[in-house]
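The structure tokens that follow cover one protein chain in two forms, given apart as structure 1 and structure 2.
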Structure 1
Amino acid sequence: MDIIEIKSVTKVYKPLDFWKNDRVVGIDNLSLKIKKGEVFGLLGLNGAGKTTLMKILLGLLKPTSGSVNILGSNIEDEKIRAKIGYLSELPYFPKYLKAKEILAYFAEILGLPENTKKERINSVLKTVRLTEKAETRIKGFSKGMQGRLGLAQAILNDPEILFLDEPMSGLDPLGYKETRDIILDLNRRGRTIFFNSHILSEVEKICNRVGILHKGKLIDVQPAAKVIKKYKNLENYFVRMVAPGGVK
């Protein structure tokens, strides 16, 4: 079952200076299907269009042309929005608040029932290995801990689909492993996960399939295992992708 379907999506940005005629193509005629229960990784250099595509999927940007179907409907449908979770690349939380207070705030925004709110907050803290830090103020959190708190916020509503924008950004090796283990655990629990990254080794360990985005074009989509077998490792694949002439 296809849980996400992107059909011929193009996003063109108009110039900030009204007297200029040049246009910037953020996404160029991109089509892609993601199956239920899949972990899909979108790889690309900075500026390739990864975040633009994710914002389109989330309904934060409207495509210039093409369409996006999520869970059989349009992202503008509030019932569909209630079934997705999102972690931005650089989540920010007020440093004077405690982890539990942050999650209580987001629980209010999500409209979680009062009788289940406390149980849900404790559950997501356990999932991201932050139970012992529930009463700790954010100013005492490492970057990796803040990232895991961001994941907790993203799964508060028990989403069917989880969108993660560069979830490994700026983490040390321990942070990579902790985040990777949480993502795989969420997938084992039935979540479909779509995430952007440029950290090739982590994508290799997590994904069922990998898409390569370059200058707004989706130039290849393959199972991660096939990419590794064909090019020995994803680093070589990525180098070949950006070289003159692209991947052959």
Structure 2
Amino acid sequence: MDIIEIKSVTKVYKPLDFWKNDRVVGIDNLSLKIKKGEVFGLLGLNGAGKTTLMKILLGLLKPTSGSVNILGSNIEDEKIRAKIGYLSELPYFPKYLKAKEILAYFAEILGLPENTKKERINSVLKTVRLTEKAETRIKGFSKGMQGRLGLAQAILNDPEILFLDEPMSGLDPLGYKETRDIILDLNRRGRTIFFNSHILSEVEKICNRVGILHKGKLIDVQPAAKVIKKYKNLENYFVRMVAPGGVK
């Protein structure tokens, strides 16, 4: 079953710019299907359009043309949004609020039942190793701790699909491992994960399938095992695909 379906999506920034100086094609006629239970890694250079695509999937940007289906429906439907989780790159939270207050706020908006809310917040804080910092204001958090809190809010509703935009940014090596373990655990429980990353060694350890986005075009999609068998590692594959003179 296709849980994410992207049909011929194009995103043009400033499409009405008369002189066409600022008109930029962010995503160019992209189609892709992600199956339930997959871990899909989207790779690409800076400015390739990875974040743009993710924002379109999440309804934060509207495609200029084409359509997106998430869980068989439109992302604008609140019932669908209640079933997804999202972590942005280097998330930031208001510095005068406590970690627990922030999670309580998200839990309220997610509509988590009152009787399980507290338990769920404590559980995700434990998962991301922030139990001891639950009553600490964000002001005292490091970048990595904020990243972990970002992951905690993303998994608060035990989402069916988890969207992660550079989830390893700002994390230390232990943070890499913990994030990877959380992703793999969710995947074992049948959850679908769609993520962007630059850290190819981590992508290699997690993904079932990888795609390469280059200058707004999806130039290749392959099962991760096949890529590793053919190119030994993701780095060789990635360089081969995007380097000047590589596969067109």
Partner chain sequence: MRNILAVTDYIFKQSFRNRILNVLILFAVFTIGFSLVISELAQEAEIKIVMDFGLFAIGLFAFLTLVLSVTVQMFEETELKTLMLIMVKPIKRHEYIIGKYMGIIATVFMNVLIMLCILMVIISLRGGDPWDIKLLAAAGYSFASVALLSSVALLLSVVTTSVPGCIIFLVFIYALGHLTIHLKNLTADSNNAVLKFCVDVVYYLVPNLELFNLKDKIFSTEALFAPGYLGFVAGYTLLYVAVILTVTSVIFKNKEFY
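Since the structure is predicted, the reported quantities are computational estimates derived from the model, not experimental observations. Numbering runs along the sequence of structure 1, starting at 1. Each form is matched to the other, and the largest set of C-alpha atoms that superpose within 1.5 Å is called the rigid core.
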| item | value |
| --- | --- |
| Panel number for the form predicted together with the partner chain | 2 |
| Per-residue C-alpha change between structures 1 and 2, L130, threshold 2 Å, rigid core fit | yes |
| Rigid core superposition, K95 Cα moves 2 angstroms or more between structures 1 and 2 | yes |
| Angle through which the smaller rigid unit swings between structures 1 and 2, given in whole degrees | 15 |
| For D172, CA displacement between structures 1 and 2 after the core is overlaid, in Å | 2.9 |
